[in-house]
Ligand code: PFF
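Consider the single chain below, provided in structure tokens and representing the form predicted alone.
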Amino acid sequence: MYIVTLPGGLGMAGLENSNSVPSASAQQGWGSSLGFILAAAGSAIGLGNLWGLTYRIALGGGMAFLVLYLVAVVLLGFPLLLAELVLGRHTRRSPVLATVAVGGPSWRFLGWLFLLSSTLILGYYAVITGWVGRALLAVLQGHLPTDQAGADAFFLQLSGGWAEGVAYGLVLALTAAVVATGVQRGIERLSRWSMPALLVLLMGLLLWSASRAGASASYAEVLLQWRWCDWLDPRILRQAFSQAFFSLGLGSGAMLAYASHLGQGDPLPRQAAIITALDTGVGLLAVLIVVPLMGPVVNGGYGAVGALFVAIPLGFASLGNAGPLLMAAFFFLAAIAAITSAVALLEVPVAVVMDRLGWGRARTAWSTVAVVALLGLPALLSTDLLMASHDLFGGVVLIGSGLLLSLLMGWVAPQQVRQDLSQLPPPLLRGVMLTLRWVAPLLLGGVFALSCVEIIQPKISLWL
């Protein structure tokens, strides 16, 4: 096996079997527990919260989708977030080394799966983040579409041309600059100002949106839809669980990488509960903000990504003189959320490469982001490939990683979970272990199978 000499003379092979020495990537720590919470919440809060949840609710399901989503967050999201935080803090290593440390060499593939998913998700996520930045710039310049044709042209302009490539490169460069600066001076500093700003903007937009005429009727129409068939619809079930995973940032290794910088005295259950509450709360606030603005264009065949840049501009355009200012605030909000998520995604491959090659953080960040830029080119050149990547890596692969994580921490390394969560009340600890051992594997296995069928079935139909 490839051996790298790390500080203190401990090689890669030694680190895989050491339970005390942190790897090179994990030797920097968070400045405070609050800094970690804000950074972890920022990594989870992204476009999946600000738009993905609203879009999926609006497509159908209404209350059924919302309830199933909340069940997925509480029943699976919180326990699996705890498990991923335990894995990171207990080992204090990058994702590949962490899985080997608790599961042995046979579990190295899960660490590489974390690396693969985070890298490829970042590739297409940077494209969308570039669109958000261009939308914000366009609105500030007074280019706000006022009708359907204008909104269609607005989206086509954002998702094409040389400026799209420039925005893509700038997003990746900004992401690399934050990660290269370090954990405290880069990631934590960004989170300390961006998360409070995001929450203030959210509350301001909510107060305005909820007070609009017709807001109550919109909430009732979209959120209180009740059809018994929705509760048994496998598509709604799959999307609810996929939304919970994607919005919490589970399955990509980002939470593991962030937790590797924690000390053993940090209260993981309380931190995980706050992160989960912030992430879910932001998603629900975004729903309450956007629902009164949505129109039939949500169902116009644009997909989740396209509808964000069509439905939202049309909604704000209907507000008259206040529209441009409010739309600028929304896209600024989206830009903050997207960048903090991109930073967390980049931290995963950076941590792995630092430990594999022994490079410094700055060199690793810039070298890694160059590789990400190349891997993201297909998504940059084709919106269809972007959406296919999102369905595969942002859905199926994340669910599969979560399934494997539950098996690793529930069956292979339960002692680490019990040790790190010993402060939990015994009934709650037993509930977490029951979820990791039985509930999560059964439910995630079913959702994983449904996700695969949903992707493969259309292709089989075309062949037939």
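From 1 onward, residues are counted along the sequence shown. Here the structure is a predicted model, which means the values were calculated and not measured.
The form predicted together with the ligand is left out here; the points below concern that form.
A heavy atom within 4.5 Å of the ligand in the predicted complex is found for one listed residue only; from 405, 47, 64, 58, this is 47. A single residue from the set 341, 94, 175, 129 has any heavy atom within 4.5 angstroms of the ligand in the predicted complex; that residue is 341. When contacts are judged by a 4.5 Å heavy atom cut-off, residue 345 counts as touching the ligand in the predicted complex. The closest non-hydrogen atom of residue 331 lies beyond 4.5 Å of the ligand in the predicted complex. Contact annotation for residue 241: none of its heavy atoms lies within 4.5 Å of the ligand in the predicted complex. Taking the partner from the other structure, the ligand in the predicted complex has a heavy atom within 4.5 Å of a heavy atom of residue 249. Of the candidate stretches 23-31, 37-45, 435-443, 418-426, only 37-45 contains residues with a heavy atom within 4.5 Å of the ligand in the predicted complex.
With contact defined as any non-hydrogen atom lying within 4.5 angstroms of the ligand in the predicted complex, the stretch 422-442 contains no contacting residue.
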